[in-house]
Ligand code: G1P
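Coming up is one lone chain in structure tokens, specifically the form predicted alone.
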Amino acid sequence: MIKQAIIPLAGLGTRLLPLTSVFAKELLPINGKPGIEYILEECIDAGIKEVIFIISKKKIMIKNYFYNDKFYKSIINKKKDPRVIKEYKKILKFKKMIKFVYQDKPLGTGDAVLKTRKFIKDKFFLMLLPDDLIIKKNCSKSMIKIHNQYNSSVMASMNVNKRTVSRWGIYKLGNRLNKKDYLIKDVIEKPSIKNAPSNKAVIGRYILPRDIFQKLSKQKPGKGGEIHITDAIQSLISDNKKFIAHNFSGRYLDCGSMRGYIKSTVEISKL
């Protein structure tokens, strides 16, 4: 069973400037609720019991958001407002699940994952990227179901416009397992249009094996001087570890850009 999830949150959020010059992008409201809460709710609904946040010292406001007990208690003592009480109980529920680790140099998602090594207990764990919201269907839940069926690593997948492949990790697909799932032969981080093996992209949900820490600890920086999780995954695939591409059923929303952030609020307000 998958009981632990990690969420990298140390990124600078430059695509959402100027908002992120003073505010953590994961706390920006989407239809009146911080984006990170949608991710936490997805985890809870999928059966996750512990979530590890990877933050930097510049993103300490994320930790403060979940540890602002004095503020809530002061308001509740004065007003007994049912809405505030409800919100505080929700925050307390989240806080019990969360651990924090720090990544103070922006060395890539792979480096962020490596920071959680000593906390991961089981053979597999879930990773979610907070810029990627998937609504209407719980993608993590469906991936865990596939993992349980095949005892394999799983990554969320969708078709992207071929002109945009250089933004993504792109799969080379192997055998088809069922209507929605394929084995993965190769995965390439941000390929050129010419070198892209398909237009099937990795979306921000991964079920990864604990073996990946060994690969990451020895991995050299890749494109942009960063440690990419995609390169470690490719190394495991080369060792004949099985990875499955799962074509999820939910609606994908990119909250990491200004245009996507605005669109996400509009889309979620319609639910």
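Keep in mind that this is a model prediction, so the values were computed, not measured. Counting begins at 1, following the sequence as shown.
Keep in mind that the form predicted in complex with this ligand is missing from the display, and what follows is about it.
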Is L129 one of the residues lying within 4.5 Å of this ligand in the predicted bound form, judged by heavy atom distances?
-> yes
If you check in the predicted bound form, is F124 within 4.5 Å of this ligand, heavy atoms only?
-> no
So, in the predicted bound form, is F53 in contact with this ligand at a 4.5 angstroms heavy atom limit?
-> no
Residue contact check: D111 to this ligand in the predicted bound form, 4.5 Å heavy atom = no
Of the candidate stretches 201-209, 216-224, 236-244, 53-61, the one with residues having heavy atoms within 4.5 Å of this ligand in the predicted bound form is 201-209
Heavy atom within 4.5 Å of this ligand in the predicted bound form - the one residue of K180, K190, K172, K145 that qualifies | K190
Residues within 4.5 Å of this ligand in the predicted bound form, restricted to 66-105 and counted by heavy atom | none
